[in-house]
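To begin, one chain is listed below as structure tokens, in the form predicted alone.
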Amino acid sequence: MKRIRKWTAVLMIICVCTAIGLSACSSAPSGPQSGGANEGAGQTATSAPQEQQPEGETGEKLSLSIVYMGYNDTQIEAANAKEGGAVSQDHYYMTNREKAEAAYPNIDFEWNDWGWAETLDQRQRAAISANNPPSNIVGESFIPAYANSGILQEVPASVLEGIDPSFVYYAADGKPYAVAFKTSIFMLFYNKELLRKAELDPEVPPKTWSEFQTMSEAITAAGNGEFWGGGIPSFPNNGGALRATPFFRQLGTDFGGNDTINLNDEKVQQALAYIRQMDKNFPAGLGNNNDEGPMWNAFEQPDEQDLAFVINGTWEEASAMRYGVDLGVAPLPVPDEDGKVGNCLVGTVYVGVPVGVSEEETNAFWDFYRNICLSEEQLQYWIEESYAVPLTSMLENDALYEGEDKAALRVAVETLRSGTVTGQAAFLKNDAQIWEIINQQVLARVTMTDDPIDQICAQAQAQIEPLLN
């Protein structure tokens, strides 16, 4: 039976300032001391002096409504009930909560599980619109829209000390509005055993688009309905758009961004044509399923493992090894002619504070986030899950990425050090609506219909252009 993997939403925890100096808490926190990237690393939250715990203006406990940065009771129970027990990412969220509640008994924490992706976006927007914002927000693809529409407060400079700029979202005004605690880039992962079954050398992965297509077609043919080569996902959501982006960038183009849409670009259409060709090496409906889970099950699960190639973030390395996949890892194949290396940040969880959150809550939240959630001790959990983390002290530490189980992560870290990779394109106006058109009426149609690609793109371009003004 297929086990659908769900990215559990988690919730956030907070450290706070002294009752005497709350308005200056970013410079004089009462919890683990803020400052450079190494300060506070390895400290536990119990080091915060209890007599300095912040209270509300009436002397009552300060209440903080946290999204995604610490597990609630139900999530803890589910994590511990997993086959094999909780994994590293579970421990990150559970220990965030544990440390916060031990260090700050005078704070009431509310741990909100608001889902992920579109569900999370809707819940957060609804709370903000109702003038009842949570103490923090999180997200990936919709964070640029939040920042550019004035939903977020600027991140204090003290929070960004020792943080690599690739983990910070700067809006069109040049100011920072969110900072991530993990990120990744896309890589090509493959099952060596399935390559052997197709009489291919498992130590020689494809390097070009044509090699990728030839190998995938050979595996699909050899599988004869029992296993498949795989292609480039075109999920009709941001999961598809994210995975298409590197192939556009390899041709020197993109979907667009800011006030431009590029669907009529010949290079965009060339990449879409390649995605259509590669979709034939998936079982019908797998590559464009709105639910991504079945694809990862087909690659990972011990009772399946019938998909040879997948394109995923570096976390796939740790996940596939956990399930015993005979794993190979390679950079993404590049176009045969005039191609270049191109990639996209993915799995980036940005954290910000909404406009409307009180200064007291804001200071308390950022102090906790910087000193516990972004501590070396906590971020080590994400390295174990093959994610890159934001502290420059860790990003530049080669010893953290040694070993065969860190092959993909080493590539990601080297790429991030170069500062050449950005996240998915963002539009200044109607960002969510534009991406819905791209996802549903471009990517989905490319692999679910035989409609001419130039026609698909022209129709979507015409719909999007008025939304940019």
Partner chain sequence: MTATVNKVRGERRRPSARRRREVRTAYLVLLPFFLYIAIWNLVPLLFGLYLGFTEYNALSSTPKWIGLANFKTFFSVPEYGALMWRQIWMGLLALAMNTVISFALALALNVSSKVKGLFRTAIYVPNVSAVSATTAVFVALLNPLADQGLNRILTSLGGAAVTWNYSAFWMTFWIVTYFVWQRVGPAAIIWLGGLQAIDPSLYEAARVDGANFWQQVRYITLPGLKFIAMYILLTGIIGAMQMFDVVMFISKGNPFGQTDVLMYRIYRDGFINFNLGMAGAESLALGLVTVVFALGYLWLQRRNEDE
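Residue numbers count along the first chain shown, from 1. Because the structure is a prediction, the values reported are computed rather than measured.
As for the form predicted together with the partner chain, it is not shown, yet the points below apply to it.
Chemist: Please name which of the stretches 364-372, 342-350, 288-296, 255-263 has residues with heavy atoms lying within 4.5 Å of the partner chain in the predicted complex.
Modeler: It is the stretch 288-296.
Chemist: With the partner chain left out of view, choose which of 304, 101, 217, 384 has a non-hydrogen atom within 4.5 angstroms of it in the predicted complex.
Modeler: Looking at the other structure, the residue within range turns out to be 304.
Chemist: Identify, from the list 210, 158, 397, 129, the residue with a heavy atom within 4.5 Å of the partner chain in the predicted complex.
Modeler: The residue in contact is 129.
Chemist: Is residue 151 near the partner chain? Define near as a heavy atom within 4.5 Å, in the predicted complex.
Modeler: Answer yes; at least one heavy atom of residue 151 falls within 4.5 Å of the partner chain in the predicted complex.
Chemist: If we define contact as a non-hydrogen atom of the residue within 4.5 angstroms of the partner, is residue 433 a contact of the partner chain in the predicted complex?
Modeler: Close contact exists here: in the predicted complex, residue 433 approaches the partner chain to within 4.5 Å, heavy atoms only.
Chemist: Considering only heavy atoms, tell me if residue 182 and the partner chain come within 4.5 Å of each other in the predicted complex.
Modeler: Contact with the partner chain, no.
Chemist: Using the partner position in the predicted complex, report whether residue 236 sits within 4.5 Å of the partner chain, counting heavy atoms only.
Modeler: Yes, residue 236 sits close enough to the partner chain in the predicted complex that at least one of its heavy atoms falls within 4.5 Å.
Chemist: When you measure heavy atoms, are 193, 200 and 328 every one within 4.5 angstroms of the partner chain in the predicted complex?
Modeler: No, none of the three is in contact.
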